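First, one chain by itself: the form predicted alone, in structure tokens.
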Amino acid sequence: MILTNIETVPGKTIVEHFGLVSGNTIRARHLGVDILAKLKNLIGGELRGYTKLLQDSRKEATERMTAQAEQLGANAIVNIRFATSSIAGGAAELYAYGTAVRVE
């Protein structure tokens, strides 16, 4: 599966268009991560617990989007975008979407 954030796949031709595909996940923060993040805020630096949470969320949303594209018969997803939104206190959604296509 080819994944790209541009509208075409260089060197390939889009021969079939399947439309929008998407995947999402909603994650809540862990109390332990929150406590460590607040302590880290005092001294500065990367909040590794939150970084890992976002990386895991992006991976899961991308896998769900890719699975949807495969079910449609696509071999590529172009114009991929990510969006986040707050769902509730301490919980956020990561949404991945793009256009499923077949390229040759």
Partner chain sequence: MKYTPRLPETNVNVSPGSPIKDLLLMLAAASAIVVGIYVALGFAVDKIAPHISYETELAIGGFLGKHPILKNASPAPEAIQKLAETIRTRSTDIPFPVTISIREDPQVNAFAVPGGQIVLTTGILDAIESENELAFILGHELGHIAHRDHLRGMGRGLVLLTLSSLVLDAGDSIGGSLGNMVVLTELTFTRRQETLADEAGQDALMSVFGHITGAEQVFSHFAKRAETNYLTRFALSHPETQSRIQHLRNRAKVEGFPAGPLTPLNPEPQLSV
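Everything numeric in this text was worked out from a predicted model, so none of it was measured. Positions refer to the first chain, counted from 1. Between two forms, the rigid core is defined as the largest C-alpha subset superposing within 1.5 Å.
The same protein also exists as the form predicted together with its partner chain; that form is not shown, yet it is the one meant from here on.
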| property | result |
| --- | --- |
| Contact test in the model of the complex: residue 28 vs its partner chain, heavy atoms, 4.5 Å | no |
| Contact test in the model of the complex: residue 57 vs its partner chain, heavy atoms, 4.5 Å | no |
| Close approach of residue 75 to its partner chain in the model of the complex, 4.5 Å, heavy atom | no |
| Contacts with its partner chain in the model of the complex - residues in 1-33 whose heavy atoms fall within 4.5 Å | 14, 15, 16, 17, 18, 19, 22, 23, 24, 31 |
| C-alpha of residue 30 moved at least 2 Å between this form and the one not shown on rigid core | yes |
| Core fit, then residue 51 C-alpha moves 2 Å or more between this form and the one not shown | no |
| Core-aligned CA displacement of residue 64 at least 2 Å between this form and the one not shown | no |
